[in-house]
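Below you'll find only one chain, the form predicted on its own, shown as structure tokens.
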Amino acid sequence: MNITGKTVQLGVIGNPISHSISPQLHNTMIEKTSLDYVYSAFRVREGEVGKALDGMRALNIRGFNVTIPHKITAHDLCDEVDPFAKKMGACNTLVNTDGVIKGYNTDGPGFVRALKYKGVEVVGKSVAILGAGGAAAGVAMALADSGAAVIAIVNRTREKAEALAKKINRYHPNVATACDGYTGVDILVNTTSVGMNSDKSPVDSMDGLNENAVVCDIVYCPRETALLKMAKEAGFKTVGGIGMLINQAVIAFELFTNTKVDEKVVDYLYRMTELDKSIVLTGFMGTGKTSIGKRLCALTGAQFIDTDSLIEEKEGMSIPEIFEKHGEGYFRDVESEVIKSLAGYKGAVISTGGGAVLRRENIDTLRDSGAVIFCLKADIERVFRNIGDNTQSRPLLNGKTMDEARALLESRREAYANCDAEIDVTDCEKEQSADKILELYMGRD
């Protein structure tokens, strides 16, 4: 990306903001469309949105995306508001044209476009929406605007469901209703946070769905939530939450740039973020599995899972304490149990301990469940530079000389060779290594 004095600035504002993958999505679109733009993330505290918009005008920033908690405030401060955003009372996209800021809301339309991308038709369909918050409102209004015949709002607090149904019916009379349950449903949509980074589902069964129903979840971490897994096992088509994230960004980008995003670019974004198979990182201690893994998650929005952390949580003690109290054999048994529990996980970046490969069954378990396994390789000098004085947290390295550590590394070479690909991180920073892994992952057969 070549930034010049003519480069147009875009960005996202919110608080917190460091977790956002909007910069990755938009800068990828910028690269693929060869436009002279750049997209950054800006932390804006509550009460300072007005200042951010003043700065947007003063610095001639072309566009902002808006995330939690500023969408309503942004709506109220815009000079103009798009009709759909006006219905919602919230804006997630701001476009600056010669100092005039117009607000849009691309969340709901992004969900509908994600359905269409997966071949799901909305017109005339019966829809059940789980939840009645801001996300539910955007999805419900967009579905009604797109021709859904019936929209059932199911929420723990019925008053909120009734309020949302009333809001939808103001623009689409008699389409929405508050319900305690649902039957005869063509499309089921979870807009709650149930299932986010967990194995919980908002429903216990697929009862109430029509034979060819589609089950959707706006949660995208993990990529295949418990709800989607249940639906797939029952034979229903599923649509994951990453599609809504991608398509709301695509619509916003088109508003920012007045450029239609080619379907090939959208396909690329899906391949980059959907992670139909989990990425597993293994390798010797100190090769950067955690930092590179977290960088991969920043690029893709995937869930990060550290098997060592899961082991410590399960045992209620640190790994050095486990080694001291029970020995390495016990630790390896627990490690294998934890790895087995991750079988079938989709859309995650999983970091294993450096010795997990010593048991071939661990690698086989992950590979058989569809994961792609990358071994991080570094010379022992780089390993010691990375670890520094923190060898006490590595029971098998603590107190060892560099030559002893090198011998331990060499003894594991054959086991590491069982991985799908090897990435030499000796002279690479985490950003370069993560980019290389993602490139190899996307280019696999």
Ligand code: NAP
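Every value quoted in this text rests on a predicted model; they were computed, and no experiment measured them. From 1 onward, residues are counted along the sequence shown.
Another form, the form predicted in complex with the named molecule, is not on view; read the next lines as being about it.
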From 273, 278, 192, 73: within 4.5 Å of the named molecule in the predicted complex by heavy atoms is 192
Interface check vs the named molecule in the predicted complex: of 349, 132, 188, 91, the one with a heavy atom inside 4.5 Å is 132
Next item on the list: Please state whether every one of the three residues 136, 219 and 244 places a non-hydrogen atom within 4.5 angstroms of the named molecule in the predicted complex.
Entry: yes
**Asked** Given that the partner is absent here, does residue 97 sit within 4.5 Å of the named molecule in the predicted complex, heavy atoms only?
**Response** no
(Q) At 4.5 Å between heavy atoms, is residue 156 in contact with the named molecule in the predicted complex? (A) yes
With the cut-off set at 4.5 Å between non-hydrogen atoms, does residue 266 touch the named molecule in the predicted complex? no
Check: So in the predicted complex, does any heavy atom of residue 359 sit within 4.5 Å of the named molecule?
Finding: no
Here the chain appears without its partner; judged in the predicted complex, the stretch of 115-123, 250-258, 194-202, 359-367 with heavy atoms within 4.5 Å of the named molecule is 194-202
